[in-house]
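Here we start with a single chain on its own, the form predicted alone, put down as structure tokens.
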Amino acid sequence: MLIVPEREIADLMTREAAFEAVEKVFAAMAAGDAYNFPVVREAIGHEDALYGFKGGFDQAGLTLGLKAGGYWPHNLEKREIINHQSTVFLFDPDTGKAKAMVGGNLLTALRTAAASSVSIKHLARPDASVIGMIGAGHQAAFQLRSALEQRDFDKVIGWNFHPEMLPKIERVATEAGLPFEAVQLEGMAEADVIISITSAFSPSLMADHVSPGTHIACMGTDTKGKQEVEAALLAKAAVFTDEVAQSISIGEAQHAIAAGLIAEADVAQLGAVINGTHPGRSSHDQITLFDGTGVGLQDLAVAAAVVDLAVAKGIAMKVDF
């Protein structure tokens, strides 16, 4: 079995490689060549932690495995380590033997950012110029860096429940040579693209905060009960997702479905747009929304890419197992 520890990931996986891996796996899912297993996601009754498993099988890429991990909300304050902790395990689909164990923390941030960026590439208006960020936690900087590569943005605006954290995303904007402005949620009406990346259980972004033609990427809702945007916003938008089954059960669509505002048939796979079997955005004024629930196949795709790079560079550790 090969081991690629967390400390090696930053020198192996790039944003570009993560984007390519996620775009390919979304396309494979929509084509029926890859599928995710049911998600296990539970509150463990210790340290307020959420823990679970996401896995799947990509028959096209012959990638089989799972990611184990979750969210420990007190890690940063108590232990000075990030709150999201995970490890990816890959298995040989021919034999079932353990193939690799890969550090999953940075990979999770990169693949989550790649997913929203894939949605921006395929759904945002070509002339989008202002990007809005809701949330300024650990993953926000990854989201913004990746998103800025998808359009010729000329301004970044941001809101966070704790405004003292906004300098984190202001630094990313400054690195890119763009002005940054902290706004109230109503100010998001200026944005052509909005990324929401929070761990909220009640909505921040309301339907009347969003202007016609905006693309929204909702990247924080991956558990029953979580919610970042008002359910009425999904009723106003063309809704796309990574995995429909997850979107309607643990993603943003769970609330709009429960309220009877949309039906399962109203949620389309982003992979279908990538493959050309769905037209995607239909007009300049249409609001599009990507419900990024985070699928196991994303993790497996980026982990498999890292293993190949680690082997090529002689970094992967081999152990008998």
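Rigid core here is just the name for the largest C-alpha set that superposes within 1.5 Å across the two forms. Note that residue numbering follows the sequence shown and begins at 1. The model shown is predicted, which means the values in this text are computed figures rather than measured ones.
From this point on, the text means the form predicted in complex with a small molecule, which you will not see here.
In the model of the complex, the small molecule stays beyond 4.5 Å of every heavy atom belonging to Gln150. Taking the partner from the other structure, the small molecule in the model of the complex has a heavy atom within 4.5 Å of a heavy atom of His138. The closest non-hydrogen atom of Thr63 lies beyond 4.5 Å of the small molecule in the model of the complex. Although the partner is absent here, Asn160 sits close enough that one of its heavy atoms falls within 4.5 Å of the small molecule in the model of the complex. Residues placing heavy atoms within 4.5 Å of the small molecule in the model of the complex fall in a single listed stretch, namely 109-117, out of 109-117, 72-80, 207-215, 232-240.
Only one of Ser199, Ser129, Thr87, Thr174 lies close to the small molecule in the model of the complex, with a heavy atom inside 4.5 Å, and it is Ser199. When you look in the model of the complex, the only residue of Leu144, Met188, Met219, Val193 with a non-hydrogen atom within 4.5 Å of the small molecule is Met219. Remark: with the core as the superposition reference, the CA shift of Arg41 between this form and the one not shown reaches 2 Å or more. Once the rigid core is overlaid between this form and the one not shown, Leu50 counts among the residues whose Cα shifts by 2 Å or more. In this overlay on the rigid core, Ile82 has a C-alpha that sits 2 Å or more away from its partner position between this form and the one not shown.
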